[in-house]
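Single chain ahead, written as structure tokens, the form predicted alone.
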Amino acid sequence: MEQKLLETLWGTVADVLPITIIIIGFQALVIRRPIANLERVGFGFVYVLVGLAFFLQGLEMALFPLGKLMAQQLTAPDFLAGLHPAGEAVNQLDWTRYGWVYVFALAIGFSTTIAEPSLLAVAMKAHQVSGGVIGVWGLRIAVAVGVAFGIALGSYRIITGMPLHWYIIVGYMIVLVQTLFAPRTIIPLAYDSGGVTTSTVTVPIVAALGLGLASTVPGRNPVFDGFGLIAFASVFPIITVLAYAQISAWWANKTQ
């Protein structure tokens, strides 16, 4: 395990080093000023490297296997058969048989998004620059609802084997229509909300869930069907944040 952790740490150093070189190069060659609080920055850099190494190792040991295991267990033939009366035939290709998969997708999408550090940072900044108009919890819940619905719908797509591009096309068409009517102040934040959800906590479990489903549902191929859930987790938060802003604006006008 120590060997694997050291390999991960070395890989993290190799990944972060180009960023460091660019920042120091601009500071020295373009700005031409010494780095303020150099000692503090150095310690912070070490913390980042160690933290990333432990995080990546944790993903490999826990989150990826956990998401895949849950998908395999919820789609196992013996589990599906146990949900129905004895003697009743179980059609594994019937999407209605996978109700617990959709419930798990909803729950895991909502909970991982609420726990997403990048979303919390964006919500706090949005609350700060808007003078408190944009609530931290309101934004986080709106995004989490979108991710939960998106992952559940994406799980349905994997189970049924329907084409991914139609879902994405329809999703962005809804976003375009909402953009025409949503308050202008919320549109950039809504579009950014789709990106911050696909970060450190959400992506590993969602990716593992998609691959696990595609590996266990009969007739599905992990290469063609296992990916795409993250796209759902990016599109639908934009829809829910825009809807949240539109409903808030409508309510404010109604109560005036």
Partner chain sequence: MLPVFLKTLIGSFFDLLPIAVVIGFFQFVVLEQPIPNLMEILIGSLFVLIGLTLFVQGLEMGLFPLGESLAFAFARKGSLLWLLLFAFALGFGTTVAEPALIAVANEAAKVAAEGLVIGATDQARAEYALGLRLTVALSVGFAIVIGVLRIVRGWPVQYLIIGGYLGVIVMTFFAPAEIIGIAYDSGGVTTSTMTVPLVTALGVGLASSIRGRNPMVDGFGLIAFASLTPMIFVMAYGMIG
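Numbering follows the first chain given and starts at 1. Since we're looking at a predicted model, the values are computed, not measured. We call the rigid core whatever largest set of C-alpha positions still superposes within 1.5 Å between the two forms.
We do not show the form predicted in complex with the partner chain, though everything after this point is about it.
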P117 within 4.5 Å of the partner chain in the predicted bound form, heavy atoms: yes
Contact flag, T216 vs the partner chain in the predicted bound form, heavy atom cut 4.5 Å: no
Proximity of W137 to the partner chain in the predicted bound form, heavy atoms at 4.5 Å: yes
Touches the partner chain in the predicted bound form: T185 (any heavy atom, 4.5 Å): yes
Three-residue site G44, V196 and L229 fully in contact with the partner chain in the predicted bound form at 4.5 Å by heavy atom: yes
Residues of 16-35 having any heavy atom within 4.5 Å of the partner chain in the predicted bound form, listed in sequence order: V16, P18, I19, I22, I23, F26, Q27, V30, I31, R33, I35
Core-aligned CA displacement of Q72 at least 2 Å between this form and the one not shown: yes
Exceeds or equals 2 Å, Cα of D192 between this form and the one not shown, core fit: no
Rigid core fit then L52 CA moved by 2 Å or more between this form and the one not shown: yes
Inter-Cα distance between S215 and Q57 in the predicted bound form, nearer or further [3 Å or more]: farther
Comparison of CA distance in the predicted bound form with shown form for S215, F55, at least 3 Å: farther
